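Two forms of a single protein chain come next, each set out by itself as structure tokens; they are called structure 1 and structure 2.
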Structure 1
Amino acid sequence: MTGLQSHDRDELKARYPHVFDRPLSSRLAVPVVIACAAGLFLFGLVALEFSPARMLAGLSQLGWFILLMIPPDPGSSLPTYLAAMGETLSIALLGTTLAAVFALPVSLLAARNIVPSNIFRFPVRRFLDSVRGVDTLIWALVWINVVGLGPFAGVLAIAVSDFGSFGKLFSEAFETADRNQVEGIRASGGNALHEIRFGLLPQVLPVIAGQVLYFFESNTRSATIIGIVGAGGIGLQLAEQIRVLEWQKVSFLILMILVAVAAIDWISGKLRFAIIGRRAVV
């Protein structure tokens, strides 16, 4: 048995020498990458002035803030906070919906199996990359200066930011769709629009719906952040209470945000699983 295994090993070694006798550069690639990553990490700690003493001092200060936040108390501002929370949810929902509606037709132009010519597809993809490369908070600051303070700026910020992300994700969903259905429609005499409407869309719509639901959950948090810079919603209330050092109200607002995000996560998760289950049945 040992001789047979040795013979087989020698035969495999002769047949595939690049597997058994790897060059030195190939053997050193992984250790070199790990060493470079460790060196970059240490350089980052030094460049950013990381200090264990400052960390410990910050943790003690954080503990003091937590004590000031207990117990959470909205005071007489509960109706105002509930209205602000509703405004934040509205910003997230409307911004996500607008982004999905406008990104869907543009994503068709960015999909390789729909627009084969790179001459037309390349500028669309780079446009989506440019829009997606700017963070939602930056878009909020831009739109606040364009349309003024308030939730409208927040809706536009989320819509523009998600437009780039949705365009990329939707186009990738179209590219990974099964070609058999498209070819069947083409064989039966359908044109290009029929191929998209009856061959591609039924396949990718459940995927797109799941992505939109996830982004709505994520945008609830984003709407809170952009509210701090003046886009309305619960974030504006949170920034105001932090400014006046009302820590009990701050903790209550944070709890409201956590509960809202958890509820949206649970609901969107149920909807995603329902969509996936329906797709499997179909």
Structure 2
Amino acid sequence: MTGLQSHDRDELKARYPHVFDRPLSSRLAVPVVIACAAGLFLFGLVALEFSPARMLAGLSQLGWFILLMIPPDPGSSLPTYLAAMGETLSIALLGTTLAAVFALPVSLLAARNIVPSNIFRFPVRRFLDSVRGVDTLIWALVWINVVGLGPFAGVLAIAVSDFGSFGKLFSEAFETADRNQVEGIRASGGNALHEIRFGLLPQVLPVIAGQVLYFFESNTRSATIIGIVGAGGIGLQLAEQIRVLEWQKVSFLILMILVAVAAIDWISGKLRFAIIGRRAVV
């Protein structure tokens, strides 16, 4: 195959001007964006005190830690760790349930098809957004101030931060629900409460149940870390063992977390299929 003849190219240029003569702005856009991104990246590396020497020293340290982690060994504290794992799962389950119970009525207030008035809906939405903007760990710190150290603070922290997410997700579920069934209830003489109970809830509950299970999964992960600030569960043990450099115990705890999260994923996956079927897996 030979290259294009020059008159072919001219002909092509004449026929497809927009391919050959793109305006300068569109031709420069991608390189400029990439250059800016790379520049900011380099600035970040300098500003955040990266240096090859520190990197090398850290990596060699990390290599030592990994060598010391093998084999994972709980020592004599296996029962303590199992209890802590149970505590973590309890925190996740209770926190998710509490959040769902309290978010359900509030999400009704934030749904457009239930509360049509914007004046009322707007503050509710902003309130939910602010609750969501604060990380679970920060809520944990606040609750520790209120109810003291321990897993109960963790339950409340997860409940509050999920309350924000659930409020938003549930209200979206209500908004996408089908109007026709609600109108059917009204046509047969139902009042507003009947409309919600028999027209909306049957449509929305499976979706909500799926989301709650999904959050239970992700909360198992969050519950493993809130212990780091003192709110109970396996994170407390993990942070402690990292601080005293007991690497074999650390690797054992990480393995435990991996196994527990995988198990919960599997169980909740099965439950979600059972509740909502294949069609609407989040």
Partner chain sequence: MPVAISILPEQQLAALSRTYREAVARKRLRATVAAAVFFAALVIAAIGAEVNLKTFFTYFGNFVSYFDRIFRLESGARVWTDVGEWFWGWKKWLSLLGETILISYVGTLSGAILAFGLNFLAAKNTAPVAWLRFAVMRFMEFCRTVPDIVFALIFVIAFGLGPMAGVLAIAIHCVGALGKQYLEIVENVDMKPVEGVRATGAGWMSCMRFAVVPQVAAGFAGYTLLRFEINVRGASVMGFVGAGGIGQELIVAIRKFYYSDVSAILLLIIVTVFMIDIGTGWVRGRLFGADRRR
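Computed from a predicted model, the values in this text were never measured in an experiment. Here the rigid core means the biggest group of C-alpha atoms that line up within 1.5 Å when the two forms are laid on top of each other. The first residue in the sequence of structure 1 is number 1, and each one after it adds one.
Colleague: Looking at both copies of this chain, which one is the form predicted on its own?
Modeller: That would be structure 1, which is the form predicted on its own.
Colleague: Which of the following, L62, L141, S90, A37, is found at a hinge in the chain, given the rigid-part motion between structure 1 and structure 2?
Modeller: That leaves L62 as the hinge residue.
Colleague: How far, in degrees, does the smaller rigid part turn against the larger one between structure 1 and structure 2?
Modeller: About the hinge, the smaller body moves through 13 degrees.
Colleague: After superposing on the rigid core, how many Å does the CA of P52 move between structure 1 and structure 2?
Modeller: Rounded to one decimal, the shift is 6.3 Å.
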